[in-house]
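Let's start with one chain on its own, the form predicted on its own, as structure tokens.
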């Protein structure tokens, strides 16, 4: 079985791809993994012990057709049974055209477009209400006058964030205006102004079968993060109310595929901050404590029986570290000239 994964940029801003590929190969050594890269220097392109063969793709901003044609080429020249996209920027296209992939014999396991839109931050208030949890006071703004009014109502410090991407803590009006302009120029409107809430940063990774049933859950507490907000050290926890919220989310919205809930938790007060409609970069942490979600998703994709138990041990710690890989520059040249590596 040959499975392609994207997001193999295993840097200080890691993508989820290496964790997904590592999880699959540890579950079944016969699986071959294909790395889908948008940069020839992505570390995953050189990690032969995890990625069997790498291909360079055009950026999602250039449209679906070149990506689709590339996947067809991979299937014809190397073989390809399924693809697991893991990056926010590419997901809308994969979701929109998943039926085309199916007709081409390439399986996926993704939410539909309606489910995907749930992660829009302007929808999180309604979702929080449906799940009976909290959501920070948030104002939606489209111009500077509305921004000034919003920050006056919410007060400083507060967060200025895009509807889908980017979030910055601001302490003054000039800072708010600066990030308002930066985010809107890149991602458009609306811009959200949100109060800052206090508590522990707790995240839940999970997956749903599209029928309201869970494929597994793992909750963690962030201990340290990078300057980009990526978890560096974390510990597994069993916060029963938080796990129940994730279970209710899957049941309520018939979620299909992987997801992550990012929350701030103060004892039993759960505040929803973000929904990621994909595997997070720390996906291998869940595998390491006994809940191999990439393999479970793959099993459902191919109608196989799988272990769907929810048991995992709390108090297990994840420590991320840097590592130097020494390889030949010929592989970089090969990727740059041919757009693929020898596998």
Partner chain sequence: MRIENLAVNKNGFAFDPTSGETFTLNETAKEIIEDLARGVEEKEIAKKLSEEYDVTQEEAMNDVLDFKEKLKLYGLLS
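Every value quoted in this text rests on a predicted model; they were computed, and no experiment measured them. Numbering follows the first chain given and starts at 1.
The following text describes the form predicted together with its partner chain, which does not appear among the structures shown.
- Its partner chain in the predicted complex comes within 4.5 Å of a heavy atom belonging to residue 235.
- Taking the partner from the other structure, its partner chain in the predicted complex has no heavy atom within 4.5 Å of any heavy atom of residue 309.
- Residue contact with its partner chain in the predicted complex: residue 314 places a heavy atom within 4.5 Å of it.
- The closest heavy atom approach of residue 252 to its partner chain in the predicted complex falls outside 4.5 Å.
- A single residue from the set 239, 75, 139, 107 has any heavy atom within 4.5 angstroms of its partner chain in the predicted complex; that residue is 239.
- A single residue from the set 114, 267, 145, 103 has any heavy atom within 4.5 angstroms of its partner chain in the predicted complex; that residue is 267.
- Of the candidate stretches 252-260, 166-174, 78-86, 196-204, only 196-204 has residues whose heavy atoms lie within 4.5 Å of its partner chain in the predicted complex.
- Along 208-224, these residues reach a heavy atom to within 4.5 Å of its partner chain in the predicted complex: 221, 223.
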